[in-house]
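Here's a solo chain for you in structure tokens, the form predicted on its own.
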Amino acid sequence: MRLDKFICQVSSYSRSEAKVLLKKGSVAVNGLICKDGELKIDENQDSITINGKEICYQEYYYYLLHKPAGCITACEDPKEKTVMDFLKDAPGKNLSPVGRLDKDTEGLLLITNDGALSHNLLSPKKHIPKTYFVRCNSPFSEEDMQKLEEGVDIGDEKRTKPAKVKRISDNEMELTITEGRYHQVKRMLSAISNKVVYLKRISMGNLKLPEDIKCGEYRELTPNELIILKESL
């Protein structure tokens, strides 16, 4: 792999920024300063440092973002703030969100460049469960919970698949669904004559939103979290 390409792939530096680093003598290969971006390196064997800090080759990156309300789930947008704006300094190229959360929805959102994993997590055939904390406009009854658990008509060709409902309070619940229809949770609550006033995704598959990640913060998945996530498939 070319040295300049390697720098771009494993860091947040753009190609032009990589050229500046090389020109300044900030990059070393196996302990020797290198200013030639076209130099062929072995990304799995050679030691590459930038300003004295070693950077290692990594093909796939997996980030967990605690998405805040007020930003859209997209890679870029000319007008709106996107979830990717929170990961501007994150290493890894071609990162994108896995699925989407509405602009006013908070919670767990995965960001990765592993297209195969993303596809599997979103595949309707996999039935990956997603759990949301839902605060409703008004109290809901046991009968309402039963309707959600049996599946409701939200205006599509088919009723929703059976959901799991856990009551938290008179107007709060944890709702687990295995589909990803447009505005599904909001439409499900509307189907029982209620309205969502606050929505937060707290888990996806076997992966839960850690309590120590504040809204707007992100970090890489730990090796154990990645194993847990893949066990969902």
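All residue numbers are counted from 1 along the displayed sequence. From a predicted model like this one, the values you see are computed outputs, not experimental measurements.
The next section is about a form of this same protein that is not shown, the form predicted together with uracil.
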{"item": "Non-hydrogen atom within 4.5 Å of uracil in the model of the complex for each of T105, Q184 and L199", "value": "yes"}
{"item": "L101 within 4.5 Å of uracil in the model of the complex, heavy atoms", "value": "yes"}
{"item": "is_contact(Y132, uracil) in the model of the complex, heavy atom dist at most 4.5 Å", "value": "yes"}
{"item": "Among 28-36, 44-52, 163-171, 176-184, the region lying within 4.5 Å of uracil in the model of the complex by heavy atom distance", "value": "176-184"}
